[in-house]
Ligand code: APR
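This document starts with one chain, in the form predicted on its own, laid out as structure tokens.
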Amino acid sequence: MNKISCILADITTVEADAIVNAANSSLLGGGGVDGAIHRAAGPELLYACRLLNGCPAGQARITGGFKLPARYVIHTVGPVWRGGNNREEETLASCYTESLSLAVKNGCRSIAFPNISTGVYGFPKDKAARIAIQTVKQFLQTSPVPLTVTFVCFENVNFDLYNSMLPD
């Protein structure tokens, strides 16, 4: 049975088959979630990411989790918000769909998402939450396997938004 929930936590501490990294296109680390995941996973993650040769916005790539409690890290590159007229919403939805597809393909039954593109990429938090929840629900309707999906919020604003949009 599918399950969607939201927690207030640091994604690097979440036990799941896969955690999602809101990465930049180089996949070589950065600030925010990306930097935290790279630091927690150890230098092996950077080496594994170098072998992937980057990732375009809206797509996803997978590596091992190394020192993280997650078996895998799924790296996805969210869109930079440019006012909403540059396919940002479609690209963000693709991040969730592509990440979920990779999780299923790799035998995952649980996946944890950060709030993709809502930090320095400037995507409006309420729009991003709506797209994330809607996209995950749509994917789960046709998923060949049951999945537990957790939205991991690092700040109260996103946590409150997700909780207001998720059914009890």
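Because the structure is a prediction, the values reported are computed rather than measured. The first residue of the shown sequence is 1; numbering continues from there.
Keep in mind that the form predicted together with adenosine-5-diphosphoribose is missing from the display, and what follows is about it.
Across the proposed site, 17, 64 and 99 without exception lack any heavy atom within 4.5 Å of adenosine-5-diphosphoribose in the model of the complex. Residues with any non-hydrogen atom within 4.5 angstroms of adenosine-5-diphosphoribose in the model of the complex fall in just one of 138 to 146, 103 to 111, 118 to 126, 55 to 63: 118 to 126. Shown alone here, residue 36 lies within 4.5 Å of adenosine-5-diphosphoribose in the model of the complex, counting heavy atoms only. Interface residue remark: residue 24 is counted as part of the site for adenosine-5-diphosphoribose in the model of the complex, having a heavy atom within 4.5 Å. When adenosine-5-diphosphoribose is considered in the model of the complex, residue 10 lines it closely, a heavy atom lying within 4.5 Å. Interface membership of residue 155, defined by any non-hydrogen atom within 4.5 Å of adenosine-5-diphosphoribose in the model of the complex, is confirmed.
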